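In structure tokens, one chain follows: the form predicted on its own.
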Amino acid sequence: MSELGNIIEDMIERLLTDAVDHAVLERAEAGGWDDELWAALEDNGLPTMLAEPKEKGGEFGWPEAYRVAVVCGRHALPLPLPEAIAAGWLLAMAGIAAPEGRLGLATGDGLVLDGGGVRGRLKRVAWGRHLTHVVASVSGRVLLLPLEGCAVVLGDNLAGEPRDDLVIDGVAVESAPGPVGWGADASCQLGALLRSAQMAGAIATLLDRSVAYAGERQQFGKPIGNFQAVQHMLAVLAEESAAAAMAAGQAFAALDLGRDKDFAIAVAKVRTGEAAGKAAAIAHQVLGAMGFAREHPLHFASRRLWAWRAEFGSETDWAERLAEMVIPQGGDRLWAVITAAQQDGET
């Protein structure tokens, strides 16, 4: 781990530990926006940390972004910081100047380029009602869309986070070719990458809370963590947490090293999504009814996991992409493809 990455992780960990509590999360799920917390993130340069990325001579890169996204997931940060980081990177790589305001990230599936403008509907944009601009990829081009005057159809996900549809009608946009080596849906790939890191962080929170509760909850005169069945469940949860962190970390490493990012991102989204379902089930088994109580913090992590695993493509969507990459290689090449991806992540 790099010293710079350690500094960034420690800084945002301290910030979110102090700032994100039960009351803040409840207000966010009622549709609110925490101006004070967002200002603190901006003061520390976090939303724009990749607006001048290492590829362009900047100080920060994907290893640091990974640390930030994991901590965001660990604390269930109720703000679109990971999306802003990815949007800033996309604009920088496309040579588009980042505007003042709140940047979001969206897939461009529902948009159609029409001369110098664009029309269509951006679906389920994270925190869309609170954004000033959205960055999306359409047909291999990066678009910067101003949202002033756009219609907003309010919605939310299972965790109560805003997921709004934005109706775009002839809005003039800035656009440029996407970064070299990325497909037509770079914004979707980046969203999947960041969600994988956030899920790894949230799963780590489930593990911590489950282990702590198992050591405190008494049954038959001793902590439930002393029972072999509970120990087995916690061991499986720890395995899933480690697997999720490894898959997400390798995907970020692939981007940093210029390796096969398409394969690594697909693996990360599939593996962290699978781990999310298993981890949430085990954590709620260990805590029982306590974990479902609104007053207990466990559900803030588990509900986000259930929601995030479906965003920017589900496990099924990304598994199909993996199949499209691997099947043409033939059976005798499968092991070489897998081991090459593992070596990339270890470099």
Partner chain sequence: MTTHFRFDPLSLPREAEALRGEVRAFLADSLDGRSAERRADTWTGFDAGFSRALGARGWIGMTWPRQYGGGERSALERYVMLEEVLAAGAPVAAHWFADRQSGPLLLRYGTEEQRCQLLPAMARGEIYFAVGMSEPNVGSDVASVRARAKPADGGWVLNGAKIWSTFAQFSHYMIALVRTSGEAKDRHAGLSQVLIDLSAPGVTVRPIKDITGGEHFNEVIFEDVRLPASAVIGTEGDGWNQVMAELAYERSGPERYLSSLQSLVQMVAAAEGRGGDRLRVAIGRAVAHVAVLRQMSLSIAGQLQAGHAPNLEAALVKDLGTSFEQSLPETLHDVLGIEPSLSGGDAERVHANLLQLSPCFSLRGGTREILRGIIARGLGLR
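Residue numbers count along the first chain shown, from 1. Model, not experiment: these values are computed from the prediction.
Unshown form predicted together with the partner chain; subsequent notes refer to it.
- The shortest heavy atom separation between Asn157 and the partner chain in the predicted bound form exceeds 4.5 Å.
- The closest heavy atom approach of Ala323 to the partner chain in the predicted bound form falls within 4.5 Å.
- At a distance threshold of 4.5 angstroms between non-hydrogen atoms, Ala23 is out of contact with the partner chain in the predicted bound form.
- Although the partner is absent here, Glu311 is not a contact residue: none of its heavy atoms lies within 4.5 angstroms of the partner chain in the predicted bound form.
- Judged against the partner chain in the predicted bound form with a 4.5 angstroms heavy atom cut-off, the residues Ala281, Gln285 and Ala289 are out of contact without exception.
- Contact with the partner chain in the predicted bound form, judged by any heavy atom within 4.5 Å, is made by just one of Ala172, Ala235, Ala97, Val180: Ala235.
- This chain lacks the partner; the member of Ala184, Val167, Leu113, Ala242 within 4.5 angstroms of the partner chain in the predicted bound form by a non-hydrogen atom is Ala242.
- Stretch-level contact analysis of 101 to 109, 209 to 217, 126 to 134, 82 to 90 against the partner chain in the predicted bound form, using heavy atoms and a 4.5 Å limit, identifies 209 to 217.
- Shown without its partner, the chain has Gln231, His232, Leu234, Ala235, Val236, Ala238, Glu239, Glu240, Ser241, Ala242, Ala243, Met246, Ala247, Gly249, Gln250, Ala253, Leu257, Arg259, Phe263, Val267, Val270 in segment 231 to 270 as residues with a non-hydrogen atom within 4.5 angstroms of the partner chain in the predicted bound form.
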